[in-house]
Ligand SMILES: Nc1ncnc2c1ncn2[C@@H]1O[C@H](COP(=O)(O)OP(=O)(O)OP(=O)(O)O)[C@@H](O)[C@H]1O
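Consider the single chain below, provided in structure tokens and representing the form predicted alone.
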Amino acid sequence: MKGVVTSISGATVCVDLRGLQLYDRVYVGHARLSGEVVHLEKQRTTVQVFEDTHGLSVGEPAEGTRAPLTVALGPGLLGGIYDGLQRSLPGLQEQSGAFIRTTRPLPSIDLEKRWEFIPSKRVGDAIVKGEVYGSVREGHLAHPLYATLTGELVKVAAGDVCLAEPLLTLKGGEQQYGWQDWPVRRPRSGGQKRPAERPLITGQRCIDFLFPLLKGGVAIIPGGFGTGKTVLEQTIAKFADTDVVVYVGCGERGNEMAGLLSEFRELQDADGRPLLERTIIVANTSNMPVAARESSIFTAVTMAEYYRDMGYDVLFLADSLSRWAEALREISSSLEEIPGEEGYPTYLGSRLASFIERAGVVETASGKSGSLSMILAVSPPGADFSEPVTQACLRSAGAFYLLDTSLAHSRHFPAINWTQSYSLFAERGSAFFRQQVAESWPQLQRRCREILQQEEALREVVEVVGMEGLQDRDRLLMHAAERVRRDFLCQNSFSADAYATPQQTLERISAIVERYDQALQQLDAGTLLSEILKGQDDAAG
């Protein structure tokens, strides 16, 4: 299907192609710039181009593919670094240098790489679409391969193979390869959804103890500039008990993404393996075209779903959804759509919800359980948490970790505000830790919250009368709350304290609460408060 370019407005291009569907992929210009259909009229088709349109002119050719934007799924994704269209960034650098320019199509997966293929089917066996027919070893994972065809096998490969070669040949001549394409905007349905039950251990005491996140759950991290969103996500990526990490830098500054790529190459996970070996990175910086930024989170989540459907636990990290929403707003404005609140399109909430609900726990046909958990950073302008993106995320997320600017300025990290954050998974998380770690977990959790809530209520009194005007019990409470904040909730991501197991978390909060209870008993027995505090400081030192 071929036509010509009829008009150009930035990255929005009109072509005279007929018979296309919404979100079909289109190539425009002699340079074959890639784009997708975003608006259809009787006499024209509007295409949002994923690449820089400088130099494109009216009258250049346009070609429709009758297929949407897809990603390649197969062995070799782990350790990959891609842009929002799943083009390999190392491949782009090799082809065009340090600055990305229009390039010829690049394979997303190295089809020439050799793999040790272990088939589970033999010649003469019948195979059904969706059935596992073999596996390869991809890093630390056994990578099962799923059939996309149905029929009888007449040839089965084995041993050293590459993805460019067919692994199976069916009666009738159809061939099965070890990779497949999947539309990024269509959720994968590799199994049946199940309720989330197991906690995602992040190693962050504030999250695991006060606001637990379940595997398959969704959490958002809104915070102003400098509150530590990126560092917190990187720390969680390093230590979270998941098999695969998918990190998408959506609209991030180029120097931040360069620093992240450098760190991920050097960092090791909790098992001592290079972090990049179990990570897929989608990097879409703020100077890249907005259409590619808008599609980047769908590209990334499709790859995450692929590994979840194998029965693995996958952690999806996005930084940040605000810049994704800004790209969506820019595209909507160029299409002259009626704006909603603060200029965002009226479908912002539904578009976000359709993306977020791709998280969850899935039971595969083989009986395995895989999970896709999401931790999504939001950058509200001026730390205004009532703005549309944060509020739209809140409607779908199960956990809310508000990063407080005042805590960040006081060098308290992670700067999670314990009075305004919450988790809808807290009850199920506490029940799990009570069974697996200690019976006292819920009681200690309740005591910790009571201490922090009472301290918050006393802060206003302290501002009026000062610390010396408080009664001894209240001063002792303020001292205990400071210990909770300083020694328990605060963690340095660049020290040995960056990660805490649930058992270590329990031991630390138990020691703080036990000392507080002992101090209360001493105070009731008539011991001076100054002596009690001095003894506790000496013991802590």
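A quick note: this is a predicted structure, and the numbers were derived from the prediction, not measured. Numbers follow the displayed sequence, beginning with 1.
A second form of this protein, the form predicted together with the ligand, is not displayed here; the remarks below concern that form.
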When the ligand is placed as it is in the predicted complex, which of 227-235, 170-178, 287-295, 132-140 ends up with heavy atoms within 4.5 Å of it? 227-235
Looking at Ser34, Gln491, Thr46, Thr70, which has any heavy atom no more than 4.5 Å from the ligand in the predicted complex? Gln491
In the predicted complex, the residue from Asp83, Glu252, Glu326, Asp309 with a non-hydrogen atom within 4.5 Å of the ligand is Glu252
Examine Phe413 and determine whether its closest non-hydrogen atom to the ligand in the predicted complex is within 4.5 angstroms. yes
Test of understanding: in the predicted complex, would Glu256 fall inside 4.5 Å of the ligand by heavy atoms? yes
